[in-house]
Each structure stands twice: as C-alpha cells, then as structure tokens.
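Just the one chain here, laid out as structure tokens, in the form predicted alone.
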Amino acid sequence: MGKVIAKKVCMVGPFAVGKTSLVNRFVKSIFSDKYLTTIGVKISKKQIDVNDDKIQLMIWDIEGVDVFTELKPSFLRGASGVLLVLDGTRLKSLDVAIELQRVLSQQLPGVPIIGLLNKSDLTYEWKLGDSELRELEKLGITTIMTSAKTGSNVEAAFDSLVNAMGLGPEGV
C-alpha cells in the first residue's frame, strides 16, 4: 500500500471559459449548460491512483479574471500545478491568458502550467488559429484542446499536469 500525497492545483483563466465545467467534468463526470459565475474560489478534490500511491488533488477553481479583476496571490499560494484555461471561441481570452501566464510565472516560479483550449466541441466557432497557439508555445505553455461538454481530453489534461508535477508513473 502506497502513501497519499496531497497536491494543490489551480484552475485560472478569464470569465466564462469553462473552468468550473472542466472541474465538474473531471471530479463528478457531469456537464451543465447553466452558467454560474464563481465568486472567489471553489475547492473540489479528487483522488487518483499513480503506481501504488494515491494523489489527492485539491482543485482550486479560481474566479475569472479580466482587465477589472486581478488574480489574488493568496489563491495561488502553495500550488503544485496550474491549468490555464482559454476559450477557443474567444480571441480575447488569449490576451488575458498571456497576461495571466506572466503573473503566474512571477508568483509560482518553477510550477508547471498547462494551457487548456476549452470548448473544442465548438470548432466551427473557433477564433484561435495556429499563430495564436504559437504565442502560447513561445511562453513555454503546453496546450491541450479540451471540451468540458463532451469530456474530450479532460482526464488527459489533469494526467498531463500530474506528470508535469513529477507525480506521474515515472516521477513517483
């Protein structure tokens, strides 16, 4: 029997990109079309098995940010990994994500950040193209296309972050 390792993961991004929907899909395997604004932070947890160990992910779903609201450093304290969520149907979410990445790298040096391009089920409305995605790559952000609605790549995104945190099959 292995040990239980608790790790804090922060979900950050602009308003209405699907952070809460991604958490609900990952933790509860559900999706709702109802939009509910997150005020402050909502904490969920999910235990996953890696080798003989159990990883308890404490997922901090942090309220959306824009030009009027900023990311509160206290929400980030102690994070082991970050999922930076963008909405592929809204070009403006890229600008916010780039600014957030700058803040995150200052507040959490060395902590892995993975970009989630959410709403991949709406590719017919997609506004982010290859050149925009290269902007993220230049910042050192690996991106994964996800859909909270269909569940596409949601589990894989969290697995990638767990691996980037050094807790994957090779890291534990």
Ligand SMILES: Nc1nc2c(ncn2[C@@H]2O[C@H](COP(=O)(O)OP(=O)(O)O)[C@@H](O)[C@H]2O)c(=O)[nH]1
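All residue numbers are counted from 1 along the displayed sequence. All values reported here derive from a predicted model rather than from experimental measurement.
There is another form of the same protein, the form predicted together with the named molecule; it is not shown, and what comes next is about it.
- Proximity to the named molecule in the predicted bound form, taken as heavy atoms within 4.5 Å, picks out 141-149 from the listed stretches 101-109, 52-60, 127-135, 141-149.
- Of the heavy atoms in A16, some are within 4.5 Å of the named molecule in the predicted bound form.
- Contact check for T20: a non-hydrogen atom falls within 4.5 Å of the named molecule in the predicted bound form.
- By the criterion of a heavy atom within 4.5 Å, L122 is counted among the residues contacting the named molecule in the predicted bound form.
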